[in-house]
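As a starting point, one isolated chain is supplied in structure tokens, in the form predicted alone.
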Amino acid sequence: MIVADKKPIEEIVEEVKDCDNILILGCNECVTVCEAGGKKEVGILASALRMYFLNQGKDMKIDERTLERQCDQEYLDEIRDIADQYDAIVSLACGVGVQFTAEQYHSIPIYPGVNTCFLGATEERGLWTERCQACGQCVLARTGGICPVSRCAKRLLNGPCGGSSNGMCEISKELACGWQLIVNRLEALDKMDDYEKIFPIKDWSTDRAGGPRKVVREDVQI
């Protein structure tokens, strides 16, 4: 899941203060799950902006809409007939949704309403933690299902380093050592032989070193 967090309203106000008509556009996927950009958050932000500008003596038209996804042209087409009514769109989708919306509606400013944080999981209500950095070359089969790229502060493929102590990372006493988690998991699975295998140098071109990435599946293309 892509995890995002709400931007400060002051930052959003600064972007739209010169507009007369804006659309707050939510997304019904990841940002809904992490309670940052779904229908509920669209309503809260719209109400907050109306109150702010009303107190400033400005009568701004602020409409609300939530799409199933903003990273899919099919759903973005749902606002095709109304988009040109607005001076700007504030997107509460992740950074992917903001950019794809901007590509589809290139004559309208698209402002982000959230900060996209990481790929993560819901540990409990109100707590999301990072689990994946989408490096493009998954090693989880060898590390007991625990990612050293995202869970180790130093992204070590052969760890732990010399800084861990009592299972905790030297970066913070509250941060578990990623490689200690891996070792514990491999012991539980009786697969410590995997720990003895040295990982080769990682091909970081599958990460961000090669520029923006894409996945092509000819078997599903039309």
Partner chain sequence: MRLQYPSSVKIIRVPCTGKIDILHILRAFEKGADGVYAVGCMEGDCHYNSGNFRARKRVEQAQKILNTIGVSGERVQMYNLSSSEGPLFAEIAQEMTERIRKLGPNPIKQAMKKAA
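Residue numbers count along the first chain shown, from 1. Owing to the predicted nature of the structure, the values given are computational and were not obtained by experimental measurement.
Quick note: we don't show the form predicted together with the partner chain, though the next part is all about it.
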| item | value |
| --- | --- |
| Segment that reaches the partner chain in the predicted complex - one of 24-32, 45-53, 158-166, 176-184, heavy atoms within 4.5 Å | 45-53 |
| Candidate from Arg65, Lys61, Lys40, Lys191 lying within 4.5 Å of the partner chain in the predicted complex - any heavy atom | Lys40 |
| Contact of Arg125 with the partner chain in the predicted complex (heavy atom, 4.5 Å) | yes |
| Ile9, heavy atom within 4.5 angstroms of the partner chain in the predicted complex | yes |
| Contacts with the partner chain in the predicted complex - residues in 193-222 whose heavy atoms fall within 4.5 Å | none |
